[in-house]
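Given next are two forms of a protein chain, the same chain in both, each as structure tokens and marked structure 1 or structure 2.
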Structure 1
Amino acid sequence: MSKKIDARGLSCPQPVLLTLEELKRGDEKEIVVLVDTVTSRENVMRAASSKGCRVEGTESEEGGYKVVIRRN
């Protein structure tokens, strides 16, 4: 199962805050974060990898960008 966070339209630091919150509270193996600017994508990826997660950023089929975060 993966948890989806829709942070589209939100500007930083919100997408990063939502992602870190989920990393802290949730227990899903995989978190998918949707954002709509490259800046947010970079920020979310940077924050998640600093928490020791594997991250992958791609274009999203729903518009904007998708960051897939996997816990180690």
Structure 2
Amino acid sequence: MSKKIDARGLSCPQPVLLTLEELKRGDEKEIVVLVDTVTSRENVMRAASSKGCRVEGTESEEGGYKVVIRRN
């Protein structure tokens, strides 16, 4: 099961903060983050990588991007 974070419409650094908060909780093996700007996508990917997670992929979604993060 994965945790979904809908950060569309939020400006940086809010998507990153929500992602880091969820990573700190440690409940789910996979986290899906929805964002609507390239900058937010890149920042979320960088934050996840800095915490030792794998970014499985980013897909274009209607009106934004889907970033899939997996814990190692």
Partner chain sequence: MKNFFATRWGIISVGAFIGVFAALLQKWGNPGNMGICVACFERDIAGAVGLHRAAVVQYLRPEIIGFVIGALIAAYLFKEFRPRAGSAPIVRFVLGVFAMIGALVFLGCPWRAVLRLAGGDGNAIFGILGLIGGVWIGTLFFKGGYNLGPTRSTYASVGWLLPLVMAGFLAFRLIFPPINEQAQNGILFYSLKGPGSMFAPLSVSLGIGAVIGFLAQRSRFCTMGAIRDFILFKQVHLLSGFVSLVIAAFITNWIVGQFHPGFTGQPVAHTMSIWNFGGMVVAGLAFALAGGCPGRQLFMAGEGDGDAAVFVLGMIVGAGFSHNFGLASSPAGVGPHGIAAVIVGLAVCLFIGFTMRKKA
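Take the two forms, find the largest set of C-alpha atoms that superpose within 1.5 Å, and that set is the rigid core. Shifts are known only where both forms have a C-alpha. Here the structure is a predicted model, which means the values were calculated and not measured. Residue 1 is the first residue of structure 1, and the numbers go on in sequence order from there.
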property	result
Chain form predicted in complex with the partner chain: structure number out of two	1
Displaced residue check between the two structures: Q14, CA, 2 Å or over, core reference	no
Is_shifted G52 between the two structures (CA, 2 Å cut-off, rigid core)	no
Per-residue CA shift, G63 (Å; core superposed between the two structures)	2.8
Regions of at least 3 residues displaced between the two structures by 2 angstroms or more (CA, core superposed)	56 to 63
